[in-house]
Ligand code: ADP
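Only one chain is shown below, in structure tokens, and it's the form predicted alone.
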Amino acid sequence: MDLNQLWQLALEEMRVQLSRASFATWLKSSRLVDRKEGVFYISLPNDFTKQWIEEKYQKNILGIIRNLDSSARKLEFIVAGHEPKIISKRDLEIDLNRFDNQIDLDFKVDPETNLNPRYTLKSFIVGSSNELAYAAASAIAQEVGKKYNPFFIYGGVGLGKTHLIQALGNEIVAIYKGKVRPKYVSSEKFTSDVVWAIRNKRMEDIKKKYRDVDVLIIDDIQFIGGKEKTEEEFFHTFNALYENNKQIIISSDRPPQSLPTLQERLRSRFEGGLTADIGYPEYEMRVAIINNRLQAGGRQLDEKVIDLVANSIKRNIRELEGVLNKILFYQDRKGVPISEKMAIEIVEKSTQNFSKRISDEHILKTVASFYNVQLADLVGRSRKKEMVEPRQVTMYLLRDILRMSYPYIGEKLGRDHTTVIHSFEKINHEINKNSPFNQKILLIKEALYNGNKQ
């Protein structure tokens, strides 16, 4: 297995474990550049990213690589431009024809717009589940700020929301040649910028950064719910842009009226424009996505294998593409067209690794069972010492897996949101410094995923 193939598979596994924002922030620009005598060299863009990944993700990455290559015994993280001389030029070449649909490493995010050029309207597959959102995006590109403002897209994980809103941004760049300035940002990045500005008394910098644009594209708006200062700043930014006929594009995992932690005045603003949903892709659309990816890479698969994949992965385009990636990899390694029987085995193994749909009640019951405590005690006011860790772990998992807001978790467990924040940070800290405790969390997660298989 060459370096690029191995790293693509490793990234595929890490994508499942991390939130989309964390994955994009810390691993999207990473590369596996060499391996020698059991040491695997991973290139990262800067020292800060190197330090973060060494502290947070090193054990997980090493474990994944060992599963793919048993010779792995150690990781070395290096900053791009400081690679050891033992790395050959051939090892550094990226074969985009073999693994081009999961992580396109040759595509560089524009530092001014934060847009990734790999997302285009042309490559966005349209079906009955997303045709309204696509049609609205196409119309907005032609009349920025005049039609459907704000534009609010919602839908489940992995259905193409990020693709569409970034593609819209790239279409605007292409049409207006720099005369209309878009900026894409995740809600987590917006929040971190607000926090930084408050700490450093630099709020004017944030106002200029986000109000001095023609198109503001913000992803996963649901995550600012419960963050009062962030909501306040976004509300004023929204008003400033809207009053000046600037285009606002927003994505969420649910419609505005189903965002209870957001301030009513924000929900009202969102509902004032066009709201469009992206649903689960129908069979014909899933087949079209597969064929599009195959055509783009000059690849072929048996029709029965295509049908198998389309029928096996019904609710998540990202998972669909991930399974397709693995099938193509195994086909390349065997050097012959993959059989339907082998494809079935790959699909079954792959889907076991994807996060299943897990509810908050499922997490509560699993944690209670793991710690052998009563569910009523877990969500109640009990101050028994033996309840501290289970309750903190529950708060951590609700935030880490389901990305619930701190206020919502606090309501669920009868605690103040500041207590939830403290618990999340404490558990996160323990996971990174305490190996046995980290193993405990992994066991609980495994129980969650295995116990929720359809």
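Note that residue numbering begins at 1 and tracks the sequence as displayed. On a predicted model such as this, the values are computed, not experimentally measured, just so you know.
Keep in mind the form predicted in complex with ligand ADP is missing from the figure; the text below concerns it.
Taking ligand ADP in the model of the complex as the reference, which of Arg286, Lys183, Arg293, Lys246 has a non-hydrogen atom within 4.5 Å? Checked against the cut-off, the match is Arg293.
Which of these residues, Val157, Val79, Leu75, Met342, gets a heavy atom within 4.5 Å of ligand ADP in the model of the complex? Filtering the options by heavy-atom distance leaves Val157.
In terms of non-hydrogen atoms within 4.5 angstroms, which of the given stretches 193-201, 368-376, 299-307, 113-121 touches ligand ADP in the model of the complex? That would be stretch 113-121.
Is there a heavy atom of Lys161 no more than 4.5 Å from a heavy atom of ligand ADP in the model of the complex? It does: once ligand ADP is placed as it appears in the model of the complex, Lys161 has a heavy atom within 4.5 Å of it.
Using 4.5 Å between non-hydrogen atoms, is Arg318 touching ligand ADP in the model of the complex? Because a heavy atom of Arg318 falls inside 4.5 Å of ligand ADP in the model of the complex, the answer is yes.
Contact of Ile125 with ligand ADP in the model of the complex (heavy atom, 4.5 Å): Yes, Ile125 sits close enough to ligand ADP in the model of the complex that at least one of its heavy atoms falls within 4.5 Å.
Could you list which residues of 169-193 come within 4.5 Å of ligand ADP in the model of the complex, counting heavy atoms only? Nothing in the stretch sits within 4.5 Å of the partner.
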